[in-house]
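Single chain ahead, by itself, as structure tokens, in the form predicted on its own.
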Amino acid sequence: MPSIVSGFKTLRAVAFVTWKEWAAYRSHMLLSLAIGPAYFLAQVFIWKSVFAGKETLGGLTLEGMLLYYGASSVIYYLTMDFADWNLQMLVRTGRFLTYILRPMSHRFFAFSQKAGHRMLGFVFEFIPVWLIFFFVFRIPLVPARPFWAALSIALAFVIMFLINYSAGLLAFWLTRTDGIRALIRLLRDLLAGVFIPLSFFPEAAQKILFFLPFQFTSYVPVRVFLGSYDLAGIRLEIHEIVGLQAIMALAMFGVTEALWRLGIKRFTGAGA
């Protein structure tokens, strides 16, 4: 119990410092007030054309589709992550050396930084965009089951961090990771249902996607937010899919731990 309390105090301290640091650049976050709604408006035009003369597509009505993209947009502001960029920069420049000498793991430090950064995002991105969606677009972004939606978003927050941190760990093997990280981000968002709901993929692809971690960063929290889940012909209750999400978070923790143990042996501190 003392270690948990100590860990929470450390997380809170790092998150608070990160909040203060990024608060100086909050005008950058305010760009989200234009980008998020503009992206959603484009989806409105596209899907109204696609749904012309049709009642449902991929099991969704037009109203359901707009709710999907609205929920996906605001949830992204809560789970967004840049741990891969930060870690590869530290390894490439040798500055990572200062972190492995500290009495706490860099993974926990980076996670605490993300917590502070996204708390700031909650205030300057999530709330304003949610209000725009609610009052301007008339999209009622209210979770069907608030407790399970909050838990699913929290797990998506963790899994997104662990996927990106794993991508950042590739810096131990590669001199520059810009290209492969861009590819991973593209595949991550595509296979998570950010660009198009996963129920639109071929059934064979859906069966593969069901077992990958990506759906748990966007598709799952969005479907939990909307109150139902199905993929590849598999329909699960909300508590069942959130339980699977928790198991995937533990699995991704194991992946990052294995990559860390292999990668740290290759770190030479060059450039420090």
Partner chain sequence: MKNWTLMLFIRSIRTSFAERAAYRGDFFLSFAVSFLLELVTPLVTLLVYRSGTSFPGWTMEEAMLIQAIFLLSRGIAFPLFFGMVWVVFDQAVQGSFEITLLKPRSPLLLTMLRGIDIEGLSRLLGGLLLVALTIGNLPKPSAAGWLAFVFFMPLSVLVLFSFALFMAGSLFVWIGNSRVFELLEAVLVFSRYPGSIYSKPLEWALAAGLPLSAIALFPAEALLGRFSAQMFFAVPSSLAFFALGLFFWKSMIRRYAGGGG
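Numbering follows the first chain given and starts at 1. Predicted model only: the values in this text are computed from it and were never measured.
Missing here is the form predicted together with its partner chain; even so, the following discussion is about that form.
When its partner chain is considered in the model of the complex, only one residue from 72, 177, 166, 112 comes within 4.5 Å through any heavy atom, namely 177.
Listed residues 247, 234, 35, 208 were compared with its partner chain in the model of the complex; 35 is the one with a heavy atom within 4.5 Å. Using a 4.5 Å cut-off to its partner chain in the model of the complex, each of 49, 182 and 200 places a heavy atom inside that distance. When contacts are judged by a 4.5 Å heavy atom cut-off, residue 62 does not count as touching its partner chain in the model of the complex. None of the heavy atoms of residue 239 is located within 4.5 Å of its partner chain in the model of the complex.
In the model of the complex, at least one heavy atom of residue 42 sits within 4.5 Å of a heavy atom of its partner chain. Contact annotation: residue 226 falls outside 4.5 Å of its partner chain in the model of the complex, judged by heavy atom distances. Contact with its partner chain in the model of the complex, defined as any heavy atom within 4.5 Å, is confined among 102-110, 146-154, 191-199, 128-136 to 191-199.
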